[in-house]
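Taking the form predicted alone, here's one chain by itself in C-alpha cells.
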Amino acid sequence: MTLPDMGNYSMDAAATDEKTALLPIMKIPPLRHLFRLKRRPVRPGETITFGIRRIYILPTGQGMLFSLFLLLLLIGSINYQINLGYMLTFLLASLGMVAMIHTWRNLLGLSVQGGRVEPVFNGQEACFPLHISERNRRNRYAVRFSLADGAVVVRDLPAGEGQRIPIHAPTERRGAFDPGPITLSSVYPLGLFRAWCYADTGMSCLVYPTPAPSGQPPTESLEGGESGGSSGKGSDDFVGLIPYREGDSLRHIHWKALARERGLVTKQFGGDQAQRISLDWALLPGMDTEIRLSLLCRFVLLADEQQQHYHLKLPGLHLPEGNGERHKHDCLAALARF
C-alpha cells in the first residue's frame, strides 16, 4: 500500500482546508435580517386581514411604570415577609396579563380594504376611505387609525358590522400622493400595552395643481370659421340633435328623447363667434413652471364651466379638443403629472 506524499502538505494548507469545511456553518446571516419585515405588494382594492403574525404589542409608558411598581412591591414583600403584599403583587400582575391579552385581541381578525380616492387640488385635504369589517363578531373599542403625517381617527367598531372610515391628510404638492401604510393601534382596556399593525392598502391620491386666482385663457379662431350663427360650437342658438359622443357635457344631453326611448343624443348649439380655447404651454412664455401649470389649471376649469371645447398642449403631450368631465379630468391629470 502506497501512502500519499505528505512532504509538500504544510500546516497552513491544513488550516485552510479546515476553514473551508466549516465555511457553510459559519455563514450565519446578520441579526438584523432575522427581524426584517417583508411586505408583500398589495393590489388596490385587496382586503387585508390581521392575523396572529401581523399584530405587534409592547408596554406603554404607563405599563413600564406599572411593571416597576410591581417589582418594588415584590421586593418589599420579600424583604418584610408580607403575605398580603405577595397576594397584591400577583393579583396586579395577573390583571396586567389579562389586559395585555385584551389589547392584542382588540385588533385580531379585523379586515381592512382601501376605497376609491377622489383627486383634489393642491392645498386641499385628501380623503383616504377605509372599509373595516371583522369576522370574530366581537366589539372593538377605541381603535386608532393613523397616517405617517400624524392624522388620527379613533372609532369604536360594533360586532359584525362594517364601517367606512375616512382619513384626511393635507396635500403640499401636486402629483401622486402616497400616504404610506396606515397604522391601526389600540391601548384598550387599561392603557398598559399598545398593540399595532400596518395596513399597506396601496391607495394613492392624484393632486391637481393649485388653480390661479384669476386669468383668461388664450383663444384662437377656428380654421375656416365663419361669423354665422350655426358655423361652430357655442352656447347661444340651438341647431339640432347629434348622437352622443364620449366627453360631451351632461348638460347638453336631451333627456326627454332618452325617456322616449329615442336613444342618447346631444343638443347642438351654434354661436355668433366660433372660437377654440387653446391651452398651450408655449402661449405662456417667461413664467415659472408651477405658475404656468397653475394658470393652465385655472383655464381648464374656466373653459369647462363655460361649456366650451378646448385642447391642451404640453411639452411632449397633446390632448385633442373636447369637453365634459372626462376631458377635464384628463387635462388636470396631465398637469398634475407634468
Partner chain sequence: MRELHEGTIPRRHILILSLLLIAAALPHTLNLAPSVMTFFFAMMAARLVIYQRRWRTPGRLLKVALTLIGLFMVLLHYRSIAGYEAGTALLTVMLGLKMLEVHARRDLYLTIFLTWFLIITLFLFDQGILLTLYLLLVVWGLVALLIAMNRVITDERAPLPLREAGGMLLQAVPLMVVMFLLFPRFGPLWSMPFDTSIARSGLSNSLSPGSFEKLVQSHQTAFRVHFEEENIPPPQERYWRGPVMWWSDGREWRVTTIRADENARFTPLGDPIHYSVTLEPSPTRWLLALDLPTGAVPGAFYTKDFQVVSRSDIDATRRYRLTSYPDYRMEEITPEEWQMGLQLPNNITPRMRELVAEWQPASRSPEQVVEQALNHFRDNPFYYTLEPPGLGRNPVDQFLFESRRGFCEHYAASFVTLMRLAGIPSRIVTGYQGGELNPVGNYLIVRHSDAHAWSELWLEGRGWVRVDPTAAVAPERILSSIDPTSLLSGREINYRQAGMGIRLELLIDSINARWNRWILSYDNSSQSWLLMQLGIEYLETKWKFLLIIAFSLFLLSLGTWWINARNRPSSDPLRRLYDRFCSAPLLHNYPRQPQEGPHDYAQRTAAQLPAHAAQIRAISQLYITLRYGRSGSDPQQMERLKERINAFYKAKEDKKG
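Positions refer to the first chain, counted from 1. C-alpha atoms forming the largest set that superposes within 1.5 Å between two forms make up the rigid core. Note that this is a predicted model, so its numbers are computed, not measured.
If you look for the form predicted in complex with its partner chain, you will not find it shown, but the lines that follow are about it.
> Each of A169, T183 and S278 near its partner chain in the predicted bound form, meaning some heavy atom within 4.5 Å?
The answer is no; none of A169, T183 and S278 reaches its partner chain.
> Heavy atoms within 4.5 Å of its partner chain in the predicted bound form: which of the stretches 118-126, 175-183, 205-213, 81-89 has them?
This holds for exactly one stretch, 81-89.
> Wondering, does F66 line up within 4.5 Å of its partner chain in the predicted bound form on heavy atoms?
F66: contacts its partner chain in the predicted bound form.
> Would R138 show up as a contact with its partner chain in the predicted bound form if we use heavy atoms at 4.5 Å?
Yes - in the predicted bound form, heavy atoms of R138 and its partner chain come within 4.5 Å of each other.
> Please check if A282 has a heavy atom lying within 4.5 Å of any heavy atom of its partner chain in the predicted bound form.
So A282 does not count as contacting its partner chain.
> In the predicted bound form, does Q306 come within 4.5 Å of its partner chain, counting heavy atoms only?
Contact with its partner chain, no.
> Just one of A148, V98, A159, A259 has a heavy atom within 4.5 Å of its partner chain in the predicted bound form. Which one?
Checking each option against its partner chain in the predicted bound form, the one that comes within 4.5 Å is V98.
> Going by heavy atoms, what in 171-195 lies within 4.5 angstroms of its partner chain in the predicted bound form?
V187, Y188, P189, L190, G191, L192 sit within 4.5 Å of the partner.
> Does A159 shift between the shown form and the other one by 2 angstroms or more at the C-alpha, the core having been superposed?
No; that C-alpha moves by less than 2 Å between the shown form and the other one.
> Once you line up the core, how about Y141: does its CA shift reach 2 Å between the shown form and the other one?
Where the cores coincide, Y141 shows only a C-alpha shift between the shown form and the other one that is less than 2 Å.
> With both forms fit on the core, is the shift of the CA atom of I78 between the shown form and the other one 2 Å or larger?
For I78, whose C-alpha is compared between the shown form and the other one after core superposition, the shift is 2 Å or more.
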